[in-house]
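Presented as structure tokens, the chain that follows is alone, the form predicted on its own.
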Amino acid sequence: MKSEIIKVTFSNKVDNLSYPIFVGANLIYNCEKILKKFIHNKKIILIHDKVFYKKNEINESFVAFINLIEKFTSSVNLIGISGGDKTKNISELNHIIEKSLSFEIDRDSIVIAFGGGVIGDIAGFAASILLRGINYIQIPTTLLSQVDSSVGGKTGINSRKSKNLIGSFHQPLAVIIDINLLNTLPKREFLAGLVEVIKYGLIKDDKFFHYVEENYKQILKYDQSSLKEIIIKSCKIKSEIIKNDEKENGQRALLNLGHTFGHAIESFGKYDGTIIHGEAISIGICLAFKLSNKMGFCSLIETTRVINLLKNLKLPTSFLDLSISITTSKMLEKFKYDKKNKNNQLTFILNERIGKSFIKNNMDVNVLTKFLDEEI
């Protein structure tokens, strides 16, 4: 399978910042040409998910990658961390920072994030503040990170108040997406990533949503051509949206469809695996469409179509699918910490139809309260 390159460009940057996203099969074994120009003779901090480097179960792809880059780098220094969302905290960040500094790095050193979204988020944040900012490269290993978190430069950790409230915008030098890394991904994690794929169709491209509707059975079989199609399309849609809005001052907020509800729901699970990000966003998307319908923006037919696809994928679609206790008052409290809010007014992403999302500012709390009372 031939690899493809997607270019991410920020047109509002004075220096016209851009970087490549490489998508293909077996790139981990064949990335010397891609990486050499970025990391030649440089000290590398390889921040990876511990699952790839256990004493009794060392991942072949990961070892091959290390052996490859050791040939042309100054040194490769490993920092293994857990991939769960509980890892995204200030204590773990401090561990990464101090460990990185112990390698006697300089400003030419490079961080490589090898893992899922949590690894990429915290590694990218560490890179943004180490020595006041060093470069990093993303090698996402889950579907969610390949189509979403590795692209766009959002990095960060969670606070006790809510998710991703501490962080920075720090764009990578490059993103390398090896489709074959998904072959060993647990089905639950794969489905969680597929929610973000569906999100892109919902906010921007009804034909892409239809493609997933028609081909989801092939996608669930990890069919390479289908996977390449959805990953490339997702990255292209996200790249186009962030092109003119790197730091979410406008249309980039559309990428948060379902996330205001979803982040709140996720926090009730205390990031212990009871409900993972994609599952919470699945419910969040359904709620966003139901609310859009209740407020007269979106038809019931379109809303039902969205919910049915997520149900066909055996994903949660309502509060009834949760085993955790949630109340309207607690949900409303969580909404206060959403990053999209301005002047203490709630902001939600809603839909006019499949393929057309919009930003709804100054959400009426009474409407929201009534809606939640009916749903919970």
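Owing to the predicted nature of the structure, the values given are computational and were not obtained by experimental measurement. Residue numbers run from 1 along the displayed sequence.
Although it is not shown, the form predicted together with a small molecule is what the next lines describe.
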Decide if the three candidate residues S145, N164 and T184 all line the small molecule in the model of the complex, where lining means a heavy atom within 4.5 Å. yes
Give a yes/no on whether F52 approaches the small molecule to within 4.5 Å in the model of the complex, heavy atoms considered. yes
Is there any non-hydrogen atom of A126 lying within 4.5 Å of the small molecule in the model of the complex? no
Residue-level contact is defined here as any heavy atom of the residue lying within 4.5 Å of the small molecule in the model of the complex; does K290 satisfy this criterion? no
is_contact(G116, the small molecule) in the model of the complex, heavy atom dist at most 4.5 Å: yes
Work out which of the listed stretches, 105 to 113, 118 to 126, 90 to 98, 294 to 302, brings a heavy atom within 4.5 angstroms of the small molecule in the model of the complex. 118 to 126
